[in-house]
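Alright, two takes on the same chain below, each alone as structure tokens: structure 1 and structure 2.
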Structure 1
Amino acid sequence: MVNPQHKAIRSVEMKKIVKHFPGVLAVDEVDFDVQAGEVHALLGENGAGKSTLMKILYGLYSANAGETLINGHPVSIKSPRTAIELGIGMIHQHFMLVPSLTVAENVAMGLRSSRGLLLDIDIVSERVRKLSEIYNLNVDPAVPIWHLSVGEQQRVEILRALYKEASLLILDEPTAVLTPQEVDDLFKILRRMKEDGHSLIFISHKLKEVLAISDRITVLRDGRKVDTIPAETATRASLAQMMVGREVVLRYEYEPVEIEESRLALTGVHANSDRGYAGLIDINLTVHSGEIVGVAGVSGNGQQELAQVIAGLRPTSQGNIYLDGKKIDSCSANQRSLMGLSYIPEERMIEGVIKDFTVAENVVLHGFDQFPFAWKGFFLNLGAIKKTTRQHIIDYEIKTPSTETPVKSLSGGNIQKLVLARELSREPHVLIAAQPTRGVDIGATEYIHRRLLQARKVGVAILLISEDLDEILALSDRIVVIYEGKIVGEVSREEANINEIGLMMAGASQPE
């Protein structure tokens, strides 16, 4: 059985840490510390250096300068193995799980077995089950990872850290992909761990969460530490200002727009979900020109199915869909997009972009066979493609070294801007925006919001699907709430009440 040699971590101090990447000074003389029984949050825009700093602590990167002390003694952490042995656990921004292996196997991997060479999966499973009960994690050790939802996968990550008796746990953007309910559950676990004397480092772009969970907050900007402050003295506005270096507006002026003709209409739409059961039930929905309709709901209640049905990536089993009054049920995704439908998918790395393609190639993923990108529909016009890409890069403030950089080396926020640029530049009649700001820092979020509002102003009909209720409330003209595949309520902007909507999202009945 695991028997970690490490003593409990009482304190970790990182001093004057420096990390260069080719052409980037990612971390510049940063001091950072965390104590037992404390949650220390790390804040900063995309690319501020948070992940890099934490990867240094976890032994994935080696620092160019600076030192790390544990319980006052200098340590040298050269690989994750050392970190694990010292009692450090990390939940990565991108989960470090092997999809085809079971929960227990993922936990057991890298551990010593009590049976020498042979696996002791039964023993590991048993202990996982116990831990899962203690922390109320509700994870079945025998299920393969790819069966699990993102939230469940994250619980596996936490379980794994607990299993290894990590006394310091680093969580890099753990909430980016969680539903509000899952965030609450996570926080319960984290508080419990804190009480047990664990040290926690928490990274998030969501200020509300940071304020809710942390004891101290450190803000990084461009690789440098801005300050470390106690959470009690911080407000959302002050944090946003520290991060971005200017004031950030998260409330937008609302200008009513003349609602014109219906652009998108769904009547009595039913569709199946991936696992075969009913994903959408009797959806009736209309979006007009110049209107943003927000779809609120806890993730997994049919949002993805809704977006896919409209985009033409999932067949309906009943009902009709109209685009500009024309029935499009039998049109392919391509035909729909030619008719003026744009789609910003939720899974941007899978459905939105091709990771190994360059920025320019991704910009023309839609309409690559149309003028001016193609000549006779067959030969690519590389010059025109480059020109358009440059324009997008300027217009949408996309941070990229060149038009020929593969998108996989851009940050998530910049990839999202690229998708937005591509979809909006086609001057669509209807835009489906699914989780457009997930994992994006506040600066970029604000930018994306402004762009959406601008599109609304010129008459685009926008369906905004988001789990972030603040986002929905800030942008939508109308809000519908989706629960278990059904639309369970609709409210206008004026009558929107966050509590009522929250209740509907949780499945409580519609307000009378």
Structure 2
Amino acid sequence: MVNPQHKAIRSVEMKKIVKHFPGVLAVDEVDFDVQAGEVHALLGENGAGKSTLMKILYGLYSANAGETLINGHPVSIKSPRTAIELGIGMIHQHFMLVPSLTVAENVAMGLRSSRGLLLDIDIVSERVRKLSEIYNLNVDPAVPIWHLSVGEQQRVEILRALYKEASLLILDEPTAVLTPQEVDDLFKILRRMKEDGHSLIFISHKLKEVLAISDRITVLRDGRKVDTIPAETATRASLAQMMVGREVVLRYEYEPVEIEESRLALTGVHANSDRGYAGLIDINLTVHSGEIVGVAGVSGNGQQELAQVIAGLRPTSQGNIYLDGKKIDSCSANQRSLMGLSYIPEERMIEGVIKDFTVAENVVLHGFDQFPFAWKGFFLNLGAIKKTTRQHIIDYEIKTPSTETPVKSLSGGNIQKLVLARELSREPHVLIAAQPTRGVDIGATEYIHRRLLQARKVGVAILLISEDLDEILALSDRIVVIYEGKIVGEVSREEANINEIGLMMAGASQPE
């Protein structure tokens, strides 16, 4: 609990904060404040400035102008150590834990010991137990981190901050990899912390969750503050419009389709992970023309292996894969592409594009040796390449200075649009879309969703692999759940129940 005599934060105020990077004004005179016993959400698209602002508060960046006040007194936060000493903690999106160490050992890291080189593990363990009881964290200090689920690991991060007597906690995308049940558990913990007087800053792009947990919401756009409003006066639509500057479609009209012929089929497929153990176990899956099949699951349960096996980037150890009724197990990725398979990879900068190539060069990564991009398979038709690229830029609203701009200069959302344009323009029979909107803005997400639904309408069979359950529920005709490399359940769109799906994602339940 917060010690009233030590590092108690009643209020934090950031006034007229400015942060420049070379060629970019990331934060432009932003005011932000948070009070004790409050959850203040920070919303904004990628590049809006929210992470930069919080890194300034936590001492990872120094502001070029402005001031920060704690309890009305100006403070200089030059490093995370200073922030921690002042009572500020931060839970990063990617956990900073050592898997081979226990919970207590992870909490003890970086702390001074009363025994010199020996850690006070017994003292740390006892206090961890007490904190765990107070906040219903249900964490055993003696358990190694690698034994814990993602949600339990997040609780360890919260425990570390509480152990260091953090009075203000910054949570950066805390629900990104949690099941619905784990999100509910996290919110119970946050509400208990709020009751005990903690200040909480909640950074997220999930509007429904922001509205569920927040007292106030501040929206940033292009480095500036749009407004701060009470959560009770906000809606998902109003927040989305504040973030993007225009009306955003959050619900899509669903048109039932008649199930036609099978385009993609996996029968008894097994495959190894990169570490050599079973990544996929006895996968049986069919996707029909004009159908979106969503694959739901917590990260690391075989989604990447599934996408790569179908795309031809990972071999199967058993089973068969069929594309339009033809067995493709022994076909290369390029052969599968020529047969009508398109692939939007999870790691777009590694598998989707070549970052040092231009926009135009990336457009013709597939088919550069075929008509109309090549003459007789040898000479590039530069005119056709440029014309096609320009048309993609217009059709897919890709923001780029020119067709010759290196892809690494584009934003994540525009790179994703480029990959989508290239893959859909090939008029595929089957599209594998792995995490198609991960890390992209709400405006780009809306656009990508519309394009996927358009492809479905013209008969493309789409396998949508996503950790965003809202995305799966919004777009899918059928939903399968993957857990530890196995498909543990399947439900239709009409039967989909978010709680039941969440239990299946955690391996706790299977449909009858």
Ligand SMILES: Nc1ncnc2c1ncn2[C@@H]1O[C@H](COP(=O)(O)OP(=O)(O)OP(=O)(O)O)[C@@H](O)[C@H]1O
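Numbers follow structure 1, counted from its first residue as 1. Rigid core: the largest C-alpha set superposing within 1.5 Å between the two forms. A quick note: this is a predicted structure, and the numbers were derived from the prediction, not measured.
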### Number assigned to the form predicted together with this ligand in this pair
1
### Query
Once everything's superposed on the core, is A63 shifted 2 Å or more at the Cα between structures 1 and 2?
yes
### Query
Can we say the CA of G47 moves by at least 2 Å between structures 1 and 2 when the core is superposed?
yes
### Message
Using a rigid core superposition, assess whether F32 undergoes a CA shift of 2 Å or more between structures 1 and 2.
### Response
yes
#### Entry: For D184, CA displacement between structures 1 and 2 after the core is overlaid, in Å
8.5
### Task
Would you look up how far the C-alpha of K225 moves between structures 1 and 2 when the rigid core is overlaid, in angstrom?
3.0
